[in-house]
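Take a look at this single chain in structure tokens; it is the form predicted on its own.
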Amino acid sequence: MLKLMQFTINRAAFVKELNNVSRAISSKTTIPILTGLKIVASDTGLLLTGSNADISIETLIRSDDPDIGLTVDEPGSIVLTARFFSEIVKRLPEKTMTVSVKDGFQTEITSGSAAFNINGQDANNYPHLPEVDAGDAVTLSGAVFKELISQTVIAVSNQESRPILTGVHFVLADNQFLAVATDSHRLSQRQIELPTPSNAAFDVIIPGKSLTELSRMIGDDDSDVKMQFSENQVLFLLGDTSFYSRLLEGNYPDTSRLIPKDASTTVEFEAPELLAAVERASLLSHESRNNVVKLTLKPSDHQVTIFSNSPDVGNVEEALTPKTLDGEDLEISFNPDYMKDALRSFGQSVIRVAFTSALRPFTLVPTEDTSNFIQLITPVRTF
């Protein structure tokens, strides 16, 4: 019987790349072939592709990598139902596996004494990936980009009623790379100066879900992430892996005017200490309908108190020890979940919290860099 494609490969190495590409494959799609994994075997190696129309991931498994143990006996291509294929591959008995495609796209997967036969589809019917111009390219270290995503994506909206807010707004101008997200209740903004001068300039909105998936793919050994843009697509290059995402259309709101310039009360804390106190208070706030924690600041007495109350369970009150406390006395209420997300993004830093009034948004910044990273939270009206 005529073989249309055949290769043998180390199973563990294949599964690692299969898991990455599978992030882009959904079982719910209006284009049936996109429930499949596209495999193209050539002398160079295996090219795996997955897509759900919003994001597409393509990775090359090189045949000259000795750790991969890849042998391509017959170049060719196939699309296999991703869910079945993944489950089969992960459960095969031996360290190596062979995939053979025969007439009618019948595909045999063998490993040791196990042999599966599944139906494939013609790879020529798989949609082409977008073409993205390499002109406006920006390169960041993987660690920096992963941190940038984690610090901003927490503030994207989950409400599809305002789709523009489900993304992170990226702006590059004059070598300053700015990322902002807001769901209208909170805001996160991070700015970095590019390590090497770039002539590139862009103003785009990338879906938060795409960035979350991308972040999971950036490993500790990924030294650089390269970004390229087209009219409605962004392409991230991570070594031999290409990650495509559609861009959100529309104008992002002007968030710069939301950040207060002045403060009437400021307080500094070790971020982990304040986080722990908010976590304790939220144990009770989560039991009440409004999920609110109250902070009382009295610079006149150098006192800070956190309070939470659930009518059904009880209440908690805790005196906090700030590093500094200045300004006017203030009592303010907020959503503890927003506060916890913000505090986690600062890691082990000392943070400065600045308030203007009980009903105006307040800001959190790390004391070692007060201008390039800011979290903003809108308080809750409790009367």
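In this text, all values refer to a predicted model and were calculated from it rather than measured experimentally. Start at 1 and count along the sequence shown; that's the residue number.
One more form of this protein, predicted in complex with a further copy of the same chain, exists but is not displayed; see below.
- Just one of Tyr252, Phe116, Phe202, Tyr126 comes within 4.5 Å of a further copy of the same chain in the model of the complex, counting any heavy atom, and that one is Phe116.
- For the options Asp65, Asp326, Glu331, Glu318, the residue carrying a heavy atom within 4.5 angstroms of a further copy of the same chain in the model of the complex is Glu318.
- Residue contact check for Glu287: one or more of its heavy atoms lie within 4.5 Å of a further copy of the same chain in the model of the complex.
- With a 4.5 Å cutoff on heavy atoms, Met217 does not count as touching a further copy of the same chain in the model of the complex; it lies far away.
- At the 4.5 Å threshold, heavy atoms of Glu279 reach a further copy of the same chain in the model of the complex.
- a further copy of the same chain is not drawn, but in the model of the complex it has a heavy atom within 4.5 Å of Glu87.
- Of the candidate stretches 192-200, 228-236, 89-97, 150-158, only 89-97 has residues with heavy atoms within 4.5 Å of a further copy of the same chain in the model of the complex.
- Looking at 288-315, the residues that come within 4.5 Å of a further copy of the same chain in the model of the complex, counting any heavy atom, are Pro311, Asp312, Val313, Gly314, Asn315.
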